[in-house]
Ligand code: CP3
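Take a look at this one chain, the form predicted on its own, written out in structure tokens.
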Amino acid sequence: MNNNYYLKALDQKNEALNVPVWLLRQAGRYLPEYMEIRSKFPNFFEMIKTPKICKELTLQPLRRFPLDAAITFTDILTIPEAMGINIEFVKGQGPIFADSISSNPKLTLNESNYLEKLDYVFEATQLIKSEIDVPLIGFSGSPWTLFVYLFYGRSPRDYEIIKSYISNEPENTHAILKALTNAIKEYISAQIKSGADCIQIFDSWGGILSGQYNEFSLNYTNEIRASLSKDIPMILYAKGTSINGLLSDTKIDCFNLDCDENIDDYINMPLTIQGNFDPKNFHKEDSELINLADSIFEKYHKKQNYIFNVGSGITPDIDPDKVSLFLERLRLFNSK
């Protein structure tokens, strides 16, 4: 692997005057080449269960942009689907579960052979790893975020319903969170064995919890971190949650900040920081984007613990040419 700036930064040791780059959802609906492939599959899970297709979708943004990491193209909902919950992705609505805790309080997960059903992820990981010269990121949803989807059967709307449930049914909540945690530990371990160089945990719905975050989310994420070898970096993306309140309660030291967080609050701490850049910036005029790239490089290129990333996923309305303009400007400085 010739390009290891990303891994060096995760280890807070990137001494090169380079700003490592990768993007949340760097593959996906804003790329016409992605949409061309997606149009051939009536079902999203049918597409991601085809390892050669996952490899192709993973490589598409690497062909377009000067990126310093790849991330296996799959989904955070692979575990509940492998545990027997039928999931459909409906246009305009997102994932829709055939069953949910809110409608079926006795919902149980089928934990038998679920890992075998995820072989397509591991096969895709191996295929991708054989064709890239940058680090490969494996990932999973957090136990809490998977629980949220299982509870609602879709993206949540009324947060008070789940808050009431976990207060009234803490034993059942923790039992499901524990089962999901055990599954995630095995899942990410298998990704690492298949070639992933690091792991990112997406806690997309962590912001729901507020003062209960540690009990229902961070404690389980800490358990996942403890299950990994110390030389395997693990990044936490706790959307809607300020990491400042977590630092004293975790050994995790790599964080993906959402758009509401400020990198400068953390960049001088013994942490690796990435994210924060609002993808809406890619709607700006070219001259403004160039100025943004210049200022980011000037501010952070000497930091050994900084990775450029967006604070939320790239959305379908983003022009990939704008992304290219911005990243090429960053790379222009890197090459000097």
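No experiment lies behind these values; they were computed from the predicted model shown. From 1 onward, residues are counted along the sequence shown.
What follows is about the form predicted in complex with the named molecule, which we do not show.
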Segment assignment from 263 to 271, 277 to 285, 291 to 299, 64 to 72: heavy atom within 4.5 Å of the named molecule in the predicted bound form: 64 to 72
4.5 angstroms heavy atom contact with the named molecule in the predicted bound form for residue 127: no
Residue 233 within 4.5 Å of the named molecule in the predicted bound form, heavy atoms: no
4.5 Å heavy atom contact, residue 76 to the named molecule in the predicted bound form: yes
4.5 Å heavy atom contact, residue 153 to the named molecule in the predicted bound form: no
Contact residue in the predicted bound form, chosen from 255, 213, 114, 202 - any heavy atom within 4.5 Å of the named molecule: 202
Neighbours of the named molecule in the predicted bound form among 21 to 54 [non-hydrogen atom within 4.5 angstroms]: 24, 25, 26, 27, 28, 29, 34, 38, 44
